[in-house]
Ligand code: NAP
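Have a look below at one chain only, the form predicted on its own, in structure tokens format.
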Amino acid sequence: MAAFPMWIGGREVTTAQRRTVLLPFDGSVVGEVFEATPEVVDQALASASAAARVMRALPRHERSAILRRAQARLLASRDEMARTIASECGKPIREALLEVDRAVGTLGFSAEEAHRLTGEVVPLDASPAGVGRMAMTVREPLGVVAAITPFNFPLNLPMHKIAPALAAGNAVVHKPASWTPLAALRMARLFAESGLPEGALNVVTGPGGSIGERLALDPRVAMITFTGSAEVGMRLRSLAGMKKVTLELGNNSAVIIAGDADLEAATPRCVTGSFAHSGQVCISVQRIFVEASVRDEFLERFAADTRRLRIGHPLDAQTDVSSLITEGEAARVSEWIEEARQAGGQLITGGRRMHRATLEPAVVAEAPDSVRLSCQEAFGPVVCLNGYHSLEEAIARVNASPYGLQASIFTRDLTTAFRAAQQVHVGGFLINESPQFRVDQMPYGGVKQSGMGREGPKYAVEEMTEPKLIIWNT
């Protein structure tokens, strides 16, 4: 069994407490990691604090070059990294390969942003009191950024935090998800091989609650960037005090299918958007509202395509759907499906427990808006599909959610599309595309309980720097 030490100050660190990482599909052992003690977390923070001064002084072209070298090393280890991702989080290997490719892109976009850290000239003489003075702004790194990431994208989501932080001249302490720490630990070594200064990236593994709270409370941390549940995110924000905080939290993405929609195009996009990684994606389609005139036809198409999805081992190249992250999560989603069925929802297809943590992709029609499957984040392979009679009704039901990350509409009518885009309260709205769509350079983030701040390298760099004003009395 391979052991994966933590990475702190450019060196491997172990402790007496170990934890086994399992493949969710069958429970086989993937590797072993070590749990950080308070002293180890302190060591990581001390290393990051020292490295923050080095990173601040590092020229922009050198930061960019380090990111480019890390990008090349990741691309060279694409297959091995994809197998690591598929094994630790249960994601089908085809999706794991795509995640590696996206992380390669995220590193590239971040390398470009290292060159774009610019300020502006401020025209002080626009005010009489400013005559004889010149001013400019520059953007400076914050210092130490604490990055806390979830299990579902164990490589690319960390890169959305780590790569922009390094491009901006910060140092990072990264706490990956306890279930999926291996890709992050492998990536730390690739950064070291790429010439990243010692201590600029530190990866600590162990219990999320205790480590996360220590990071949020420690005065050496200038910023917390977190992706995960709303409950944990709000807890971290309450502890962070004056630190900068960006949060990407829960969601239950909705799709509106208008009566004039191209159903042949909409159906496969919605199926993929619903069941990729067994629905364990923040922007997975969870609610579909279909205009009554095409409701039955769309439901028939959607259910038929869902039944054709291939369930199997994540390392099988033919697998479309594998397992959830734990048996407990599979049991929870099954309970939510049964609750919706008992409340009057119709289970059209799927919902059977299979293997260990695998759940057959499920479609539930006309579930009441009050059940958990409709109003909370399922984070599993299940979709609620309900009919509607007016666009106003559909928009109101989409907006009834406490979340607001991304949503979409399928329609041929431009007026209908932009009317929905203006009225649906989300961070990102898509037209004739699944709300699960994301490319890594776009601004990404939500409103309401879906979080605050934006990711995407350009936007993350803005979050991870602060402007300084310089005035010269000529």
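Predicted model only: the values in this text are computed from it and were never measured. Start at 1 and count along the sequence shown; that's the residue number.
Although it is not shown, the form predicted in complex with the named molecule is what the next lines describe.
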Only one of 316-324, 230-238, 253-261, 101-109 has residues with a heavy atom within 4.5 Å of the named molecule in the predicted complex, and that stretch is 230-238
Note to self: Using a 4.5 angstroms cut-off on non-hydrogen atoms, would Phe289 count as touching the named molecule in the predicted complex?
What the structure shows: no
- prompt: Taking 4.5 angstroms as the cut-off for heavy atoms, does Ser87 touch the named molecule in the predicted complex?
  reply: no
request  = Evaluate Cys282 for contact with the named molecule in the predicted complex, applying a 4.5 angstroms cut-off between non-hydrogen atoms, and reply yes or no.
outcome  = yes
- How about Tyr444: is it within 4.5 Å of the named molecule in the predicted complex, going by heavy atoms? yes
With the partner omitted here, the residue among Pro123, Pro219, Gly344, Gly209 that in the predicted complex has a heavy atom within 4.5 Å of the named molecule is Gly209
Answer key: of Pro150, Gly387, Gly143, Gly351, within 4.5 Å of the named molecule in the predicted complex (heavy atoms) is Pro150
Within 396-411, the residues having any heavy atom within 4.5 Å of the named molecule in the predicted complex are Leu405
